[in-house]
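The chain below stands alone and is given as structure tokens, in the form predicted on its own.
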């Protein structure tokens, strides 16, 4: 099987008996063994379990049984999505040895469709970060240049897909954690509308913001995965009971004359010039295919970062209160604590990293007496205004187009200042604040120090309009070849020239 294979090509090869599921699993596991030491994107793999599932799929094929749409496809799962096998560490020392007694709905649906979970991928601790440097088990690295970050917090999943260590992966997106790493690694990453995919089994960061979504090589693969993941779930009361369209069947259907809005705030002079150039090139592509390009004004989008970094830490401080070192997780030595409260404090100080502690303290502060109205309540009011502004924009256009991130992948350790790291999410947070759907797709490259680094553009559509989002994204993908490039990570010298 060729490197960089898609879900569609892998399943087709299996159905034609050109390959076996066992061979696919072996190929990916061998590649992980060879390259993961350079990338640190996997925190653990499941070779025995993966082989057993692959053998079962091969037996079903030999017997002529019907197989699922993901049968035999090796898929990775971000380490904050629980499985009832292996560990779920959330990139944290607090949960270093934690084994979940149940599996998430998302993982169950993947396996019911025939997918083979090949391993768990590293992430920023509890999903709090934009670089996957805030992981207790070491920073993940970008396969296009291993001196740079893969983005975060789903950086391990994005790097694994880009480096062809798995065919696709699951990530989670609270403020851009699927889309920004997808952009940095040159792949596709989709954040579904809030309520489209069950959050049952996703370790909570910001409960009103979190969503599970796919990272894949093509828009079609992302659409196929979302079709498997989406749908009502009795275990999650926030999961919407709405019909799930066949996204793949509609993906190449000619759309009505589309109207694409380009917010003037998104083409800021603060962006890398190469990022703005990629967006302008994308506008030209859409215009050449008959789309109407409309300038949109979203003045409140400038408050998205501030609003997000009040709401998300506030929800995190509440969600992480359950980690006390008593029921599960890391516990400080009993002899080192004076009383129960001291035991809680010492366990959390030992288990949580600096970024998690920072966000817990920030969230606790904005929820405290005397500050609640000034910060948290006001952030909720601005959230409503941002949502209304986006609703008004979607009355004028079918989708919003802009950069996924203001820069390409930055160097490891380059953004030590938390504020500079937070600004990486300047274009992604409003989709989570408003609960709309959004996707990042490859849109070209920027050359820095002789290295070709991917650029991603973001398409946002109104809530539960993923079908339109995928069609518009697919239109650009079909007209360009950016998604066909992959990093030359096999070069032992670490060369990252663009390869086909």
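Since the structure is predicted, the reported quantities are computational estimates derived from the model, not experimental observations. Numbering follows the first chain given and starts at 1.
One more form of this protein, predicted in complex with glutamine (GLN), exists but is not displayed; see below.
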Q) So which stretch, 401-409, 319-327, 124-132, 89-97, is the one near glutamine (GLN) in the predicted bound form (non-hydrogen atoms, 4.5 Å)? A) 124-132
Q.
Against glutamine (GLN) in the predicted bound form, would residue 144 count as a contact residue? Criterion: heavy atoms within 4.5 Å.
A. no
Q) Should residue 213 be classed as touching glutamine (GLN) in the predicted bound form when contacts are defined as heavy atoms within 4.5 Å? A) no
Q) Using 4.5 Å between non-hydrogen atoms, is residue 176 touching glutamine (GLN) in the predicted bound form? A) yes
Q. Residue 425 near glutamine (GLN) in the predicted bound form, any heavy atom under 4.5 Å?
A. yes
Q: Decide if the three candidate residues 286, 440 and 482 all line glutamine (GLN) in the predicted bound form, where lining means a heavy atom within 4.5 Å.
A: no
Q | Interface residue in the predicted bound form among 309, 376, 266, 352, criterion: non-hydrogen atom within 4.5 angstroms of glutamine (GLN) | A | 309
Q: Would you mind checking 356-379 for residues with a heavy atom within 4.5 Å of glutamine (GLN) in the predicted bound form?
A: 359
